[in-house]
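Below sits a lone chain in structure tokens, taken as the form predicted on its own.
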């Protein structure tokens, strides 16, 4: 492809400083040299190559410390004002490999949603997870579908399937067959949305080696191959008070940042798909003479691919700008940003998937063949949708929207 993506997909991203641009450029170079230029070898030896390339990104380039505060030895990108630049970084990683970007998105979410505002003790605890000299695998446990004939506390209509029970001077975490938002089988720690003894939403952080944490069998999933998942059981896991963050606003912040970061990951994957279909369309002919992309029907499909990605790019910039101006202490503003993040996040994921769907249909067997890498982008984006539960499933997002705009109280 002889055109740059930046020249094709214009951005409304707010101006970023030299340091931010330097980091974005470094990550782009990593993506170009280490993965995109070696795509076939990367796919053929995925497990081995994934670990090596991700370690280079996190340890050598230092991305694991990007969203850590300077006080904790990080780059200091731990404020809402960094939202546009963090999204840009994840877009570059997602263009190379969505699984690598997905893990970084979970880390950034933990630090920005729960660690940025709380310097002690929760922020210090979260920061300690990522101060390691080894790559860290995070996992999230979010509210989701309930269980038949079982009443659970709710977060905006979503079942909270993990309970934090206060017994004397102890807090105990209990939950059975809990599906994580990726990486459950390999996670080093869990960020868990749970309900306290009063049924109120809260968040706690659990090391994977804590006594009482049990992992189930590895699950077969569509995409994000390196993010091996398994159901988790919390069998009376003791939780320190320093690891607990109470309040619905803490859970809202998780969804706000997840919608931004995972939206950026999916757009990055879709943009690399655009590069693939662009090169493919330039070499295909009809009856050996006319270029396929010059056929009006084919051109119309290619236009849909570009349109969906271009709109998603504008939406992610708008969401990043909204978050960057957010005042974390204003409850009403938080609810507004939460609702808008759900609306925009849902549209971004749908747009990215539609772009890949339409392009793969046009490519036919080339689109479904692993050698072209197009089908991997489809699988990865689809898996990200399913993990989000609010973005991947339409109904919870619709209820969030109706609740905010029309004051619906009982949904």
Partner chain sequence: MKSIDDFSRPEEYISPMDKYFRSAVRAWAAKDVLPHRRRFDEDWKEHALIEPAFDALMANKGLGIQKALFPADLGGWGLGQSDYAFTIACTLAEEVGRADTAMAVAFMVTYWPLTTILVEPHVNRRLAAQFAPMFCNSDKAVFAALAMTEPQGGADIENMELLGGKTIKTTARLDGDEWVINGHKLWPTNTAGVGQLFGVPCTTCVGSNDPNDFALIFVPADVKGVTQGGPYEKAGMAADKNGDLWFEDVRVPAWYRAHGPGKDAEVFKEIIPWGLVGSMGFLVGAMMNLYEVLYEFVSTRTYGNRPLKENDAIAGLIGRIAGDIEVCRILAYEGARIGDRRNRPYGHPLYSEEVLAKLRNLKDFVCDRAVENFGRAMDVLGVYGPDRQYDIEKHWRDIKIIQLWMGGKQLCQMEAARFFYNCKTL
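Please read these numbers as outputs of a predicted model, since none were measured by experiment. Positions refer to the first chain, counted from 1.
Omitted from view is the form predicted together with its partner chain, to which the following refers.
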For a quick test of understanding: in the predicted bound form, does each of 49, 136 and 168 have a heavy atom within 4.5 Å of its partner chain? no
Students should find that, of 212, 145, 247, 121, the residue having a non-hydrogen atom no more than 4.5 angstroms from its partner chain in the predicted bound form is 145
Answer key, its partner chain contact in the predicted bound form at 4.5 Å (heavy atoms) among 315, 334, 301, 340: the residue is 301
In the predicted bound form, is there a heavy atom of its partner chain that lies within 4.5 Å of any heavy atom of residue 157, even though the partner is absent here?
yes
When the contact criterion is heavy atoms within 4.5 Å, does residue 38 count as touching its partner chain in the predicted bound form? no
Margin query: Taking its partner chain as it sits in the predicted bound form, is residue 364 in contact with it (heavy atom to heavy atom, 4.5 Å or less)?
Written below: yes
Checklist entry - residue 378 near its partner chain in the predicted bound form, any heavy atom under 4.5 Å? => result yes
TL;DR on 193 to 201, 271 to 279, 147 to 155, 93 to 101: the one with heavy atoms within 4.5 Å of its partner chain in the predicted bound form is 147 to 155
Checked 215 to 232 against its partner chain in the predicted bound form; residues with a heavy atom within 4.5 Å, sequence order, are 219, 220, 221, 222
